[in-house]
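First, one chain by itself in structure tokens, the form predicted on its own.
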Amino acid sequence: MQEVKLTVSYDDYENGIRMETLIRELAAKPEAGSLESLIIGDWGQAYENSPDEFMGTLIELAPSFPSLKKLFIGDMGFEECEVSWIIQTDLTPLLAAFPELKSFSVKGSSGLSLEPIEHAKLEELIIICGGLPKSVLASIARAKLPELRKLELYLGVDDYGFDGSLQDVLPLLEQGLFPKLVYLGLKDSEIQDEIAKAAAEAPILDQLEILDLSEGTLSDEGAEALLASDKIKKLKHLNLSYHYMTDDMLIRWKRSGIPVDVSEQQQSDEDDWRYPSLTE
């Protein structure tokens, strides 16, 4: 697969280089026609500037990338911009501009909007953030994505944008919302125990191969519900890595015979505070 990542560093931005220019230069190259994966990294001081600076150009030049299957908006490390500081925007027009897209990833949720989410061929939707607004969760629950096979959402914490509750997550556990979905990731959550208990007997487990509840604050409370579920036993893989379960619970998982990842055991602090993985 041919892949290109475009990045504008802090110094580049100070010197007048813009993501719009890099996109135009890429579109003018002969290999643009065969490009399958485009990663938009730091677009220059992303804590102040949104993708609006280059969205119009990317949409205008979309016909120059007829083979594009994967698009990532915001792939940047903390040294470039903390995830909760990344300013996003309404990215919905990109889905219409790239009808052959199969994978769409987004990092950062401040200002993020996706409404409506409709795409005939998209197979993978990933949103990485410190806190996912309930408005985006509602948009996903209303989405029309008949080919979606993988949905991976970092739910995060209220300090960084998660303003919902378990009630906002429950629609994603309904069977048939995305008929071809086999991988569901509801991860990096401060309510991971509540989600685990709701997921343990959720109808959607009948169609899933992989359930990913990793990177959050899962404790023995949520784990008990998962272990008691016959539906969980039918999964090909259960990802619970980065968790706050006890040693005794880890032994029970080992003896369960369930294909589960329980690596990265964490310890709560002296006041029993537990933190998801992606917090700053």
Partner chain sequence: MTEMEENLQSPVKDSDMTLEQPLLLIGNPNNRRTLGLQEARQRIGLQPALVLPYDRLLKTWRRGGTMADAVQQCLEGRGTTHVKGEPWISSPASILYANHDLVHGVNSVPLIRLDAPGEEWEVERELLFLGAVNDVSPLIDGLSAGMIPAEQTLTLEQEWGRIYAPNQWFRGWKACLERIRHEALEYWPNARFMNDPHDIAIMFDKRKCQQHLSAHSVHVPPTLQSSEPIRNYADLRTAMKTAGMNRVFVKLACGSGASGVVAYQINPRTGAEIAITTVGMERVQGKVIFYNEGRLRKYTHTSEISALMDWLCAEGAQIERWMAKASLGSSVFDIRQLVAGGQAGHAIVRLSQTPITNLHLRNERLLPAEAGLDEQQMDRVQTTAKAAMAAFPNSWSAGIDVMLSGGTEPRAYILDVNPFGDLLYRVQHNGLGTYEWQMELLRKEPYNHD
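Residue numbers count along the first chain shown, from 1. Keep in mind the model is a prediction, meaning the values are calculated, not measured.
Beyond what is shown, the protein has a form predicted in complex with its partner chain; the following relates to that form.
- This chain appears without its partner; in the model of the complex, the one residue of L101, L91, L172, I87 with a heavy atom within 4.5 Å of its partner chain is I87.
- A heavy atom within 4.5 Å of its partner chain in the model of the complex is found for exactly one of E190, E80, E124, D168: E80.
- Annotated contact segment (heavy atom within 4.5 Å of its partner chain in the model of the complex): 44-52, selected among 44-52, 249-257, 232-240, 26-34.
- Within 4.5 Å of some heavy atom of its partner chain in the model of the complex lies at least one heavy atom of S9.
- In the model of the complex, none of the heavy atoms of F72 sits within 4.5 Å of a heavy atom of its partner chain.
- In the model of the complex, its partner chain lies within 4.5 Å of some heavy atom of Y160.
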